[in-house]
Each structure stands twice: as C-alpha cells, then as structure tokens.
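Below you'll find only one chain, the form predicted on its own, shown as structure tokens.
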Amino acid sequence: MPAFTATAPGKIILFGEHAVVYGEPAIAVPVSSIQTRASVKAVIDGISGEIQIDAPDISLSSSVSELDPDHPLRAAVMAVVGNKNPEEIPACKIQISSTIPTASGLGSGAAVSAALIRALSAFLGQRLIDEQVSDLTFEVEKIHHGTPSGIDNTVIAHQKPVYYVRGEPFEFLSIGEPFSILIAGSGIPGHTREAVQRVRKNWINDPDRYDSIFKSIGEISKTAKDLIDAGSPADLGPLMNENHILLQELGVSTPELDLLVETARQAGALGAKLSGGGLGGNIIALVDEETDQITEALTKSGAAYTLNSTIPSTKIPG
C-alpha cells in the first residue's frame, strides 16, 4: 500500500491585527516557502485501528491512543476517523515534519492539522475538498486558541489569501500582480493572548481613543485590498508603515520589533510592520527582488530567522 502525503503552508497577517477583533477587516496570505508535511503509510504487521505518530520536530513518537484526549494531534486524527470501527482502519504510521517556526504567528498548529487531516483521509480512501479540510482544522484549532477567528485554517487549507471581517464569510482576495514579502523573527515567542487582553483592557478604559485606532487600521486594510486587486502592490509599503505606528499606539510592539521594522526600512524595504499578536513574534517587510541587503541587515539587528515569500497573481492571463 503506497504512502499518502500532504503538505500545508504557513500563513502571515498582512494588515488588520487586533482591529479584526473589533469588527474591522484583516488580510492574511499563505507563506509557501515554509510548510508542514504529513505522510501516512500502512504498517503491514500492525493491529487494525492502531495509529502511530512520529513527529521528531516536537520530540513526539507515540500511539494516538496514548495521547491525551485534548492533544491537537489526537484531535486531528479523530476528526478524520470519527466513529469508524477499528477494523476499518488499517494499522498505520503518520510521519510529520515542519519548517514552520512554532509560537510565531505563522500558523504552525493549523498547518500540522491540515496536512495530517488531508493525508490520513486520503489514506483511508476519502479525499476531502479544501472546505472540508478547513472545517476539520478549525475544530482542532479550538484546542489551540479556544475561540479562533478561522483565519489560519481558511488560508492554510485553501492556500489562498483572504480578506476577513468578523461575522462575515471569508472573501478570497484577487491578486492583480505578484508581490514579495520578507518575514523576520524577533527571537521572542509571540504572546497573542496577553496582547489581546492588554488591548481589551485599554479599550475598556478609553473606548473612544481605541475605537479610532481600530477604525484607522480597518481603513488601511480596505485600501490595501483595493491596491492588491488593482495590481499596485508597491503602494502597500506606506500602508505597512502607517499600520505599524497604529500597532505601537495599541501597545503591542516591542523595542526588538521596532528595531527590526526600522532596520528593514533603512535597508531598502518599501515598508514594514509587526505581524500577528505582537509582544514578540515577527515583522514583515514589503520587498522587491533584491533582498540580500535587507536580510543581512535584519540578521545583524538580531533577527532569529528570515523567510522570503512571494504572493502569486490570481489573474488569468489573456
């Protein structure tokens, strides 16, 4: 029986962090230069229903049945096998590897779930469509985040950029012209929960000021959507710079993130901002094809890693 393999990309938020919680739009895109890979193959002499998981990146090698019921990997497996009789499930081993940094706002957890769900369902003879993979991944995401927005599972399962307003259906973005971003890790794990709580506390204490900031961030996201669709990605740079200032006003940036943002700009980036919850994590920079100088400058300024990613056009030639 052949092995069944699936991959899933990372994701990054371009615009709209935090404001999205308060009803403003956000834009997120897949990061194809990093990915999770899940491979499922039969264990010929194994016992029916027995599923092993080997994930060396997180030092895990275990039978699914031995994992805690709330373990995300077990949840991802159970999302696929459901209430199947063990006799219907050939003994198998799932091998998982990933190049997506963890605790970084790059969608590592959702990518692992999506790749595992897609590979295991194919192994069991049921190839799922993207929407099904997204829905099942979303259920696993609830273990990671409690009340996830749905951005990670949607971007990663469909491998498409999205425009999202809370409470409304996701809209897949039209990309008029390809553009490139450079992601740099601060080396400090992101603290999304703490950042969200901090912003909410400040909003409660001064709702008028913070509503104004959220609205300004939302206007940036709306303008960015139009520019992306129109094929004018170079104009996104100033919007990134404006968005970062507003995130600083929200209190979610740090000296390390600010340094990387300024370093990227000084080295030639068209614009740069923190990405994700903040208080650590990543910055993103809009770049042209020449990124060596920017990458070198970011590394010298303390970036733990840098990742290049191109967002391809979705326009049909002709």
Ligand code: PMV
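From 1 onward, residues are counted along the sequence shown. If you superpose the two forms and keep the largest set of C-alpha atoms that fall within 1.5 Å, you have the rigid core. Every value quoted in this text rests on a predicted model; they were computed, and no experiment measured them.
FYI, the form predicted in complex with the named molecule isn't displayed, but the following is about it.
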Does the 4.5 Å heavy atom contact test between residue 176 and the named molecule in the predicted complex come out positive?
-> no
message = I'd like to check something about residue 151: if you look in the predicted complex, is any of its heavy atoms closer than or equal to 4.5 Å to a heavy atom of the named molecule?
response = yes
**Asked** Given that the partner is absent here, does residue 81 sit within 4.5 Å of the named molecule in the predicted complex, heavy atoms only?
**Response** no
(Q) At 4.5 Å between heavy atoms, is residue 13 in contact with the named molecule in the predicted complex? (A) yes
Among 73-81, 231-239, 151-159, 205-213, the stretch whose residues bring a heavy atom within 4.5 Å of the named molecule in the predicted complex is 151-159
Among 307, 20, 303, 294, just one has a heavy atom within 4.5 Å of the named molecule in the predicted complex, namely 20
Residue within 4.5 Å of the named molecule in the predicted complex by heavy atom, from 121, 192, 98, 221, is 192
Of the residues spanning 100-115, the ones with some heavy atom within 4.5 Å of the named molecule in the predicted complex are 105
| task | For residue 22, state whether the C-alpha moves by 2 Å or more between the shown form and the other one after rigid core superposition. | result | yes
(message) Does residue 250 move appreciably between the shown form and the other one, meaning a CA displacement of 2 Å or more on the superposed rigid core?
(response) yes
* To do: Answer yes if the CA of residue 158 moves 2 Å or more between the shown form and the other one after aligning the rigid core, and no otherwise.
  => no
